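Okay, so here's just one chain, in structure tokens, the form predicted on its own.
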């Protein structure tokens, strides 16, 4: 089978690594990939927003399965584009339609979906320039803290938690009046603040049936103890220690089943991953957000724990046969620690040589590339989040120690990583 995987981050390296473990004979292309994915298949230079070029590559290389890693091509309608072309419609496409991807692409769409299908989430209202004054009055009267979310995609930066009315109104003005997040904040969703502990649940659905994948918790803040600026993710742990069988039973009954049933009731074509960001408030689960793809760095802990053949899983997904699948996962704890460039998530330089990648690591540890590239001889930094080290152990503490041991042998100019991933469970 000829497979094309779209994306260039740690998520895509983990997926490529897992695809390569398949018993099914395959040729894997990754676009654009990174220095790590080059060891799993062939990197190809494609613009992920140039649908015609992706289609041309698929036809010329007889691609039989297309797996979309990042959200933007899905939100822009890549699935619909492929389904509309006779030469492409038979390609097994792993990812939802544009309408399905709106669960991530539009916070207002997602909130309306949850309200319609009685899925527990924070109370909200949405505002645009047309009802801006009403929004200001709403913020002045709302209990604190309060959450403001840009409706559209904002590269993970479109959420602001405000602790006083002056701050909230200032952010509201920046988002709507001054386009702080561009087109994404032309509409703003204002939510009640939920106080609890967050985690992520991952579902693979064929639009009718679903399988529950390993759960995870990621760490967004740059500083230890969850201090400092938000990032794309500094690490993750799976499984989540507080996600007991009784808690997950609530999640499945109140959130997962209504979500999948809601997709069917609304006639939404959805064959791919549903990432559900949850918060446990006093032991009760609420949805914070949906994503239409796997998270990063959560992928780097949930995919290594998955024992099923990934190509087989994707084939079942596209053929609507997930009711015939039973998920098998490693019972051990997996954690990943992300090494980032100096200055990240602010301004940072790239192009620094990475030393130590040739070290031998134990079978319990894996190095996944994210922001890396090769100049033909040397692997260089090429992004804010550069690489991560995933390790298995019986406890969070032991897994963290294993990843830190590996990271201490890797070096690039300005390297930084948190040493406390999973700190609340240590």
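Residue numbers count along the first chain shown, from 1. What you are looking at is a predicted structure, and each value in this text was computed from that prediction instead of being measured.
Below: the form predicted in complex with a small molecule, not depicted.
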Which of 92-100, 242-250, 320-328, 157-165 has heavy atoms within 4.5 Å of the small molecule in the predicted bound form?
157-165
Partner-free chain; cross-checking the small molecule in the predicted bound form, the single residue of 289, 206, 72, 126 with a heavy atom within 4.5 Å is 289
With the partner omitted here, the residue among 191, 309, 80, 315 that in the predicted bound form has a heavy atom within 4.5 Å of the small molecule is 191
Looking at the small molecule in the predicted bound form, is some heavy atom of each of 254, 260 and 276 within 4.5 Å of it?
no
Is residue 122 part of the interface with the small molecule in the predicted bound form - any heavy atom within 4.5 Å?
yes
So in the predicted bound form, is the small molecule close enough to residue 134 to count as touching (4.5 Å, heavy atoms)?
no
Test of understanding: in the predicted bound form, would residue 107 fall inside 4.5 Å of the small molecule by heavy atoms?
yes
Give a yes/no on whether residue 271 approaches the small molecule to within 4.5 Å in the predicted bound form, heavy atoms considered.
no
